[in-house]
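So this first bit is one chain, no partners, the form predicted on its own, shown in structure tokens.
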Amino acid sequence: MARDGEPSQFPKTGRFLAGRLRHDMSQSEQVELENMAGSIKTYPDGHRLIARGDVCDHSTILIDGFMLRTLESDDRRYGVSFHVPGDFVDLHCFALKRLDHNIDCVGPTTIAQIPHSEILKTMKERPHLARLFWFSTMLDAAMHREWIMKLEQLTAPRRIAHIFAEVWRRLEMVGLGFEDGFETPLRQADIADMCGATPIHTNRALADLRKKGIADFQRGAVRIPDRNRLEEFAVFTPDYLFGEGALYLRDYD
């Protein structure tokens, strides 16, 4: 969970690395990161923040809402990862300048953007904070690897259960989860895009999860009566999120 008071003290960046390495940021680093972030902007559901190939001179931190990383092929959209508040959604842009994918808003979304000139300055003058930026990017890669494996291993109902388990854990890390599930703007079509299934197959898979009493998805909410049962069904182990677990990062040099 995010430390009490941080989102109010740092409204633009207070959830960055919450539940992971937020504790490793000094007060001065937290202040500097907050000051780096530009003005707050809000976008509507469906807004494409970045399209494949756009030239980027800033990177975006998500303050409120959800975002999907998407690819498009043969007139179909594929969700290859998602973002929750506190995430840098496109820190990759600092090195790549052009993304090979899109960044789409799911539901109303609030962001702040950090100029790449400020990130370059941080790399030169604040190596520890730069290392945390690097960790954030590597974390995206770890989650992407897990998704690739689970898409190969699991049936559609279990893939969806895995998505629910991950979203729940990540929202808890930033203080936005509930004891019995989470709120989400994700729609059935988004879930289909994220698990590589057709809308009809996704509808049947969601019905199966509901019938089994594993998860009940209604637009705007996911309710889960038994976390252990959900995670066992999804073959979900949260270590790759680098929160609590075997890969938890404590002190390091």
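Quantities reported herein were computed from a predicted structural model and do not represent experimental measurements. In case it trips you up, residue 1 is the first one in the sequence shown, and so on.
Same protein, other form: the form predicted in complex with the DNA, not shown, and the subject of what follows.
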Only one of 34-42, 223-231, 61-69, 199-207 sits within 4.5 Å of the DNA in the model of the complex by heavy atom distance, namely 199-207
With the DNA left out of view, choose which of L132, L176, A156, V89 has a non-hydrogen atom within 4.5 angstroms of it in the model of the complex. A156
Do Q30 and the DNA share at least one heavy atom pair within 4.5 Å in the model of the complex? no
So in the model of the complex, does A189 come within 4.5 Å of the DNA, heavy atom to heavy atom? yes
Test of understanding: in the model of the complex, would R219 fall inside 4.5 Å of the DNA by heavy atoms? yes
